[in-house]
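To begin, one chain is listed below as structure tokens, in the form predicted on its own.
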Amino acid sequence: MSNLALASTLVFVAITAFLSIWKKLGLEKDILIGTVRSALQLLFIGYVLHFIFDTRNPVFIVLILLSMIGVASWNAGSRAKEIRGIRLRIAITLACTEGLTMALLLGFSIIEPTPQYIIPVSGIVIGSSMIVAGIYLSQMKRELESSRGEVETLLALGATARQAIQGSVKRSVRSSMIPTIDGMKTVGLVQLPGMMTGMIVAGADPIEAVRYQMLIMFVLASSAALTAILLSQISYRLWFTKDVRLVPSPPQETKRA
């Protein structure tokens, strides 16, 4: 793609900003900031990856994966930032999901042990797991707000924290996995995913592109389940105080109620 063609894509940003101004959505500033940030971040990571691909130093690979996990954990944790320690639990969850997924991919020689494969696939796994974690936390907040009385009644009757919150956890895990499962049902019919599209545009054989996309879809299904279930198991206790009471709702939510 030429620089002129790349610059021409800003017309889509202009359309988005125009629609925001026309409908008085107030998103013009966010659109501008998002455009500039995404461009700078992509250019930065492009040069970083170029350097890493040339050096092939495992230390740099580990560092960039840790950076991905750190940023993803911070972002997903903002969905429940009032829960102390949630970002650490998310980081542990993402690290375990990424570690197990990559161990299987490399152990079975599904992908080659090179930065060109490890980093992009890891980015897809960590990014998808971040979304799953965010959905899980958002759903848990809604679940506990709507069923607070039920949970507190169970606690009063002698149930443990795990027993009292089990129903909410199960529904939240299910909700966090639904987008990934729905995506598997419609892939190829409703949408042509990014990796497959990118390979085809780059000139790869469509069948080969489909094979890689199948790999990614199956990996994402597994990582979604691992992320949701592991995060639910290591974080459920954070929704309670030390004396086993549900943590209070944030002040802003209390006022709205």
Partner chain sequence: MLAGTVEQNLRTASLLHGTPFDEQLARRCMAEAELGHLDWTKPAVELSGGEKQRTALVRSLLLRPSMLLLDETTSSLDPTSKEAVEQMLNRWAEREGAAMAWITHDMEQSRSVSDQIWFMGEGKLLERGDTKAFFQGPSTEQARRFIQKPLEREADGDE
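Positions refer to the first chain, counted from 1. From a predicted model like this one, the values you see are computed outputs, not experimental measurements.
The discussion below concerns the form predicted in complex with the partner chain, not included here.
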Answer among 122-130, 86-94, 181-189, 145-153 for heavy atoms within 4.5 Å of the partner chain in the predicted complex: the stretch 145-153
**Report entry** the partner chain contact in the predicted complex: Leu157, any heavy atom under 4.5 Å
**Finding:** yes
**Asked** Does the partner chain get within 4.5 angstroms of any non-hydrogen atom of Gln163 in the predicted complex?
**Response** yes
